[in-house]
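In the block that follows, a single chain appears as structure tokens, in the form predicted alone.
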């Protein structure tokens, strides 16, 4: 079981420093999915401060996670949190832009929770690392409820472009015949894409 005090410290740090970490119901759903599907090898795109990697690793002691973060401050904070919980042998951190990382391993699960505008690129780049019948989970599919809104109602041009990219990604998933994708109205919206 994971140390509740340290988890609380991580969550407090995230709130204080405006670091987006996964919502409770989203991470709980993913942890149950990992348990139910006997997932052992996970690739996470977007470590932030290590919260979701730590939570996923707590499902079972034989789960191994590779997680990629490009922001130095967050990467160093994640490193600190993972060391505090003595998980260095089970969570491997890579400090790099995920789009420039080359991996040879295969993973039962790939979690995409990084720059939303790059979701499709991440999916297409790393699906070659997905085990047969593996799953790609994408967080923030509702993007704070903005995906359901009319684009004209969103004032900021950058935000409109970002929301459009999330919508385009949703369409890409729905049309991708190599995967069966289900969208869940959990947390900020999860897409579960299972390789057929």
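Model, not experiment: these values are computed from the prediction. Positions refer to the first chain, counted from 1.
Same protein, other form: the form predicted together with a small molecule, not shown, and the subject of what follows.
At the 4.5 Å threshold, heavy atoms of residue 122 reach the small molecule in the predicted complex.
Of the heavy atoms in residue 21, some are within 4.5 Å of the small molecule in the predicted complex. Residue contact check for residue 170: none of its heavy atoms lie within 4.5 Å of the small molecule in the predicted complex. Taking the partner from elsewhere, residue 48 is found to have a heavy atom lying within 4.5 Å of the small molecule in the predicted complex. This chain lacks the partner; the member of 91, 114, 78, 110 within 4.5 angstroms of the small molecule in the predicted complex by a non-hydrogen atom is 114. The three marked residues, 57, 60 and 83, fail to reach the small molecule in the predicted complex, with no heavy atom of any inside 4.5 Å.
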